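Below, in structure tokens: the form predicted alone, a single chain.
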């Protein structure tokens, strides 16, 4: 469990929206085990895996963390307009590395993830921090249903996009944005207090080399072992497709930043728009780096991070 000297004693309310697969699971561990964070709900969206898989994976992680008190809600099973295309080729058919974990038989909380988010925004009005780790379908549905939602959210930290426009789904788009680009468009236009942590941050500052992974697993707790073992399929993908020196952890570094903004060492306020139609660039979040559009910024974009600070948070969380 993490113990941090000098941080506030009042626990900050987080609502996490996720498409739970192998990196999302590690991000959930970081949040669920942090003493200063009160995870008031977890919403599940289809993305990395179909909705039912994501629900079971989140419930498994909560149980492993001894946090079955945190409600997990099923949300949207399909994107707004396009067919669902999952990332199971990256994370395994079960999303958790296909290592034989018991990922069935658990029951989510009653109700829909969109309703749960809106309810939480009223209970914690002005204080709730929303962290999204998957496609933005649930968030788009929430703001469509209640356009005043942005007024009640303190922050919205989004794992998605790429500030350098080098993608992992097509040449310029990151997976979460690509899965449901129309939802991204709704979210970008909604007036939400958006903060993007992109895949560029992950592949630059959150790659776990084989030595890093061995050190993490050697901590020896069931949580530490899970956090490494479930990356089995992802490790193969990173070696052969994204050409990284190990497996990277985009959702965990986004969660670390959400908890401790000092994880970011540089950021910029930018105007962002998303491409929804082009087959070549679908899901590209276009960031107006030079101000060509003349539009006011609608998001804070993290452009550099502190790898050591992130790594320390990750290792502390699994003890």
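All values derive from a computational prediction rather than experimental measurement. Numbering follows the first chain given and starts at 1.
One more form of this protein exists, namely the form predicted together with a small molecule; it is left out here, but the text below deals with it.
Chemist: Of 159, 96, 139, 113, which residue is found within 4.5 angstroms of the small molecule in the predicted bound form when only non-hydrogen atoms are counted?
Modeler: Checked against the cut-off, the match is 159.
Chemist: Just give me the single entry in 205, 199, 73, 247 that has a non-hydrogen atom within 4.5 angstroms of the small molecule in the predicted bound form.
Modeler: Result of the distance check: 199.
Chemist: Can you tell me if residue 48 lies within 4.5 angstroms of the small molecule in the predicted bound form, counting non-hydrogen atoms only?
Modeler: Although the small molecule is absent here, residue 48 would touch it in the predicted bound form, with heavy atoms inside 4.5 Å.
Chemist: Applying a 4.5 Å heavy atom distance criterion, does residue 184 contact the small molecule in the predicted bound form?
Modeler: Judged by the heavy-atom cut-off of 4.5 Å, residue 184 is well away from the small molecule in the predicted bound form.
Chemist: Would residue 121 show up as a contact with the small molecule in the predicted bound form if we use heavy atoms at 4.5 Å?
Modeler: Although the small molecule is absent here, residue 121 would stay clear of it in the predicted bound form, with no heavy atoms inside 4.5 Å.
Chemist: Residue 231: heavy atom within 4.5 Å of the small molecule in the predicted bound form?
Modeler: No, residue 231 is distant from the partner.
Chemist: Using a 4.5 Å heavy atom cut-off, indicate which stretch of 77 to 85, 103 to 111, 211 to 219, 167 to 175 touches the small molecule in the predicted bound form.
Modeler: Single hit among the candidates: 167 to 175.
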